[in-house]
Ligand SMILES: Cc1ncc(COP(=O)(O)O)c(C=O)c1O
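Form predicted alone, single chain, as structure tokens, below.
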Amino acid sequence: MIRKDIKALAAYHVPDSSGLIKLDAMENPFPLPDDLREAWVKELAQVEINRYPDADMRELREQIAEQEGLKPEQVLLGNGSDEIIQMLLLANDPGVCVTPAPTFVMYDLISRWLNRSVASIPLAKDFSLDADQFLQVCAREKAVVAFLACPNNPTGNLWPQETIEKITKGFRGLVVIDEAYAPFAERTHTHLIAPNVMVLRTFSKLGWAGLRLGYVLGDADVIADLNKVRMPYNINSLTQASARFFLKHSDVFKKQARDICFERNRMTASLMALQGIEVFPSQANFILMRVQDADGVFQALKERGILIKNMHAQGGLLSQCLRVTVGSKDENNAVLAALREIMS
């Protein structure tokens, strides 16, 4: 029967967003341009869905490898980054998983699904990460794997290069640098890839959330071992065909990412001008802010047709915090107008 610890867990909750401006899930707000959509549909029409997908995904891995300046043997694909996190934890030696706190909830949740213990290192009040403290906890707990979200979710900040390098050099286990928000950040970390350092990516934030496609970059021998715990045909034919097509038009999505960064900076400045809101710097496609009554502001926004993420229930450093995805210009203007009314 079902394990007691699984029964005690709460399922990951996705709120109903019907009829609302949806700014709670860090999605790209821009629809596909009409000409690109028409060409994509023609591409999908050629897919033989009566056959299993390409199990090796060689062509797609070659495209990603060329984009990243690596070899195809250094790329592994997953059904979203969540599946890759699961593969990494399945394949790694038994032992403790170490994460900062707060950070992406799936590191903790998937670890618990797999009966792994998790040790968390609290961030400072400004959400900075102490590398020495992190390494001390890793040593004390005899940790075997560590996750570092760069930029971090839900705080949005990108820890200094020297902090990340110190951890990768000082930790003997596997370090997974999660770059889900790389399209919006000032730097990446592929230069740190080593037998014990991997870089995790997803296409979800770039505009392909519905495809559920992620990938991890790493040492070719480590990738070969991870492939042994990857489900056969884990990436369906339509997703593979879509990704191959969209990668040939990456300039469209890079332009959208630049537009989102512009809107993020505009939103940050506008929010900082409002009384009663503390705004935290972000290098992602969302902004974290603290108000006096997060539950009240969240509900007031929802009543005005806007859905964001209420982080207050997580407590600690996230007390009274709200996270808003950077949307289109019109969506962002709606948020700002609503907050001006609510905060006044």
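In case it trips you up, residue 1 is the first one in the sequence shown, and so on. The structure displayed is predicted, hence computed values, not measured ones.
Not on display, but discussed next: the form predicted together with the ligand.
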### Message
Can you tell me which of 263 to 271, 204 to 212, 126 to 134, 163 to 171 lies within 4.5 Å of the ligand in the model of the complex, counting heavy atoms only?
### Response
204 to 212
### Asn92: touches the ligand in the model of the complex, heavy atom cutoff 4.5 angstroms
no
### Query
Looking in the model of the complex, any heavy atom of Asp82 within 4.5 Å of the ligand?
yes
### Query
Any of the heavy atoms of Asn153 lying within 4.5 Å of the ligand in the model of the complex?
yes
### Message
Please determine whether Phe184 contacts the ligand in the model of the complex, using a 4.5 Å cut-off between heavy atoms.
### Response
no
### Task
Could you check which residue among Ile306, Met26, Ala294, Leu70 gets a heavy atom within 4.5 Å of the ligand in the model of the complex?
Met26
### Query
Which pick from Cys97, Val197, Leu76, Ala149 sits with a heavy atom within 4.5 Å of the ligand in the model of the complex?
Ala149
### Query
Is any part of 288 to 315 within 4.5 angstroms of the ligand in the model of the complex by a non-hydrogen atom, and which residues would that be?
none
